[in-house]
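Just the one chain here, the form predicted on its own, laid out as structure tokens.
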Amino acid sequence: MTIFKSVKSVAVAQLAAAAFLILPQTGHAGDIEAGRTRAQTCIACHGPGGNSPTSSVPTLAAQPEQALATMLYQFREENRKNPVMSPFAANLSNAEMNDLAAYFESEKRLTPSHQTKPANLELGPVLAKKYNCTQCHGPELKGLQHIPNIRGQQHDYLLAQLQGFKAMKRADMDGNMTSASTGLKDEDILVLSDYIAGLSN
């Protein structure tokens, strides 16, 4: 328990450091137009305006600016690893990450194509409350500050992330997702990913 608390304290300190380094404490952090120009390289995978056409690739549109900047920071610092994102983020400056984050936050998230199973429309909200999804990601699951918007996120991406957190294979800077996922049953993960992916913004 002491070791876990120590590791979590370090993680929280890293998160605070990331937020301090990347985002100014007041005002709008990034330049939307500069981000729009730089984001042209992101379209191939994440789609125009950050609305991904692929279920395994996350939608970036309408992500909280701080959440997206923190994700890029994690890839740059190799806390998270991905064969595409890691090399892309490796050479980004803090200002460039802020610009990208500001741009994608400004874009509207489109209505998801995923259709939630009728049974999960009832069970999903119950599980989202039980496992504190709505406590951290907000009552509408649209994220807050460094916590991402998961409402209407791509289904296969959500599924993979939840499975990764439960297996403790997914990087988790503040430890909250790993902690919340340990109690998830495999069927709970299937319900939550199906339910959340079908939510319109």
Ligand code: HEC
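Being a predicted model, the structure only gives us computed values, none of them experimental. Quick note: we count residues from 1 along the sequence shown, nothing fancier.
This next part talks about the form predicted together with ligand HEC, which is not shown.
Enquirer: Are A62, D194 and N201 jointly within 4.5 Å of ligand HEC in the predicted complex, each by at least one heavy atom?
Expert: Per the other structure, none of A62, D194 and N201 touch ligand HEC.
Enquirer: Does at least one non-hydrogen atom of V84 fall within 4.5 angstroms of ligand HEC in the predicted complex?
Expert: It does: once ligand HEC is placed as it appears in the predicted complex, V84 has a heavy atom within 4.5 Å of it.
Enquirer: Given that ligand HEC is not shown alongside this chain, does H146 nevertheless sit within 4.5 Å of it in the predicted complex, heavy atom to heavy atom?
Expert: Judged by the heavy-atom cut-off of 4.5 Å, H146 is in contact with ligand HEC in the predicted complex.
Enquirer: Evaluate N98 for contact with ligand HEC in the predicted complex, applying a 4.5 angstroms cut-off between non-hydrogen atoms, and reply yes or no.
Expert: No, N98 stays farther than 4.5 Å from ligand HEC in the predicted complex.
Enquirer: Just checking whether H114 would be counted as a contact of ligand HEC in the predicted complex - the rule being heavy atoms within 4.5 angstroms.
Expert: No - in the predicted complex, heavy atoms of H114 and ligand HEC never come within 4.5 Å of each other.
Enquirer: Note that ligand HEC is not shown here; using its position in the predicted complex, name the residues of 133 to 157 with a heavy atom within 4.5 Å of it, in sequence order.
Expert: Result: C133, C136, H137, H146, I147, P148, I150, Q153, Y157.
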